[in-house]
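Okay, so here's just one chain, in structure tokens, the form predicted alone.
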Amino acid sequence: MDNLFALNIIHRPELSPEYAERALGGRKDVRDESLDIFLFQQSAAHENGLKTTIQITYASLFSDKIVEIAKEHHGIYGDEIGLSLLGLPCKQFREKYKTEDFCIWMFDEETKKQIVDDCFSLFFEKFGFYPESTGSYFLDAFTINYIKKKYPSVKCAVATCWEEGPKAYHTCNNSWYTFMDGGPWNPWIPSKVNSHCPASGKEDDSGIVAIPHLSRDLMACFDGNGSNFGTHPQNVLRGMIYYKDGDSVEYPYLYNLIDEYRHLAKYNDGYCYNMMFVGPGWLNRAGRWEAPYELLAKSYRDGMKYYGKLKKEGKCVDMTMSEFADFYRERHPDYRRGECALWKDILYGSDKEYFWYADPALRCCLDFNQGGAMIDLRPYIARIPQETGIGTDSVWDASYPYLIQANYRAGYFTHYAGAGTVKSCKVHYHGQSADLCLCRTMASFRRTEGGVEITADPVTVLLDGLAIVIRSVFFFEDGTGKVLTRREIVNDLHGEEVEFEEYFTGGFGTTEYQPDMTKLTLGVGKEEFPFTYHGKKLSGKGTAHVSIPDVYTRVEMGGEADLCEVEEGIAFSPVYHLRASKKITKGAFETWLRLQREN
């Protein structure tokens, strides 16, 4: 089936609703209302001919009524009964584990195993079988590997919440210690080593298919607070992205966002995915601070109505989580094949355009509002063996480290020249220079043998009266960690010589603050020097490279260059620079960037 739009609708009944347990102490009226909300959500789906996955929480397993409802809906509607590792806080949990913590990835390893066994055994006691799906806001590799070994029936899990890093922290008044930034935005098969990384092959396959906690706007969420931009209708209300039409309230952005996900079939061999996962806490009778209950309920019904309409028109296939896992594995036999999204601005009406790419070797974002500049880069090929939780070096930060991140570590537009992490190209002629970061353009997509090719519309750079028309082409080799870049001169320069300087300005980390860089080694060819914050440069023939032990990564840049160069930053500007340059009068300048794992 071409252009297959796969949909997961996930509901979780919570007797201790999200955020309410600590604030309201598990009051009976809150529990009753939460059950009513779950039934409302189920009804909204079923009325539109849609089946759901019911993710039973630990607290809800103590309710015979919820267990009975789940069995009934499984029998009547074909809903899947799964097990959520969210919704842990309740009287029974606190008494058993003597803690106020509730995020499974933040516990020590032994407690993680205890909680998993506790939840799964209680689930089996209530239903007589083990679930085929589970999930949390984040599941680390340790927990996924343990679940799959002990409970092999599990084939699908909610495993991360896309771009929940410092931006989410800041918009929660610096109180939301759940950093899990840097993973895929779409379904993937997690690596056994790090759950953010897509598996590189069968030996690295954790045995499950992972889905994100929410389907988010791949531009607005990356640039701003993700809690405002998702196919979770209450996120759209929180972002105030709606308008009044008489007595009615309309939110075309919600439908545009769903349609943008449908559009991704164009870049992924005719397949696209979306999910809706809304906890009952978002639909309580008191309303949220963003909207009254009536609007919350209307938006939820309308969202389900739109999915139902797409299904009736043959444009959407609703699946349970385990059904989707089977479908995904059948559709993705090649582990190395990259997941792609050429994402346009659907919120502000601009011509801004991002290209997202993820495969087992890297995750990357190109910004065509900046000429195709690379503004995010994560070295999945490093398979960083990250541990998270109490007793580890990273209690709460589960993010996958970046090498480039233009929002946390600036980009081209920074008050201190050259301080921001970004990959782009400078053009030099007669002592004047221009950076392609200043050239807005749009792009086209083409899948080719072994990868994908992104071609930017030509841009014109004017230097000392000379107009230079440049077309940039980017080729991502599936699963290799290699990105090829070609800067083509489109017009006739009548013999005038211009210099192209491809550059990579990098850092590493998971927040705005740069860890110590003195373990880095920079080099060109066989010559190297350790990073000392003194602004030292080295140039010559051969490949420019940097080794970053803290993130198990080696970055190399080379190609048809006359000269390659590396430069260390200073303490005020803690970055490193790789450069490759060439003078030409016509034709193209080709370079490559390669990521490798380095122990």
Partner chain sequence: MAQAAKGKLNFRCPRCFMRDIDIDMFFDADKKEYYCLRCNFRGTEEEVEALNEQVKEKYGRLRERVTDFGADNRPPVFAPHRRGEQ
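For clarity, every value in this text was computed on a predicted model and none was experimentally measured. Residue numbers count along the first chain shown, from 1.
Although not depicted, the form predicted in complex with the partner chain is the subject of the following passage.
Novice: Looking in the predicted complex, any heavy atom of Gly207 within 4.5 Å of the partner chain?
Specialist: Residue-level check for Gly207: no, no contact with the partner chain.
Novice: Taking any heavy atom pair closer than or equal to 4.5 Å as contact, tell me whether Asp245 reaches the partner chain in the predicted complex.
Specialist: Close contact exists here: in the predicted complex, Asp245 approaches the partner chain to within 4.5 Å, heavy atoms only.
Novice: Although the partner isn't part of this model, could you tell me whether Phe102 comes within 4.5 Å of the partner chain in the predicted complex, counting any heavy atom of the residue?
Specialist: No, Phe102 sits far enough from the partner chain in the predicted complex that none of its heavy atoms falls within 4.5 Å.
Novice: Test of understanding: in the predicted complex, would Asp351 fall inside 4.5 Å of the partner chain by heavy atoms?
Specialist: Yes.
Novice: Out of Leu122, Val116, Leu466, Leu347, which one falls within 4.5 Å of the partner chain in the predicted complex, going by heavy atoms?
Specialist: Residue within 4.5 Å of the partner: Leu347.
Novice: The partner chain isn't shown here, but in the predicted complex which of Lys91, Lys305, Lys150, Lys519 has a heavy atom within 4.5 Å of it?
Specialist: Comparing distances to the partner chain in the predicted complex, the residue within 4.5 Å is Lys305.
Novice: Pick the stretch from 313-321, 169-177, 357-365, 483-491 whose residues have a heavy atom within 4.5 Å of the partner chain in the predicted complex.
Specialist: Within 4.5 Å of the partner lies stretch 169-177.
Novice: Could you pull out the residues of 258-286 that have any heavy atom within 4.5 Å of the partner chain in the predicted complex?
Specialist: The stretch touches the partner through Asp259, Glu260, His263, Lys266, Tyr267, Ala286.
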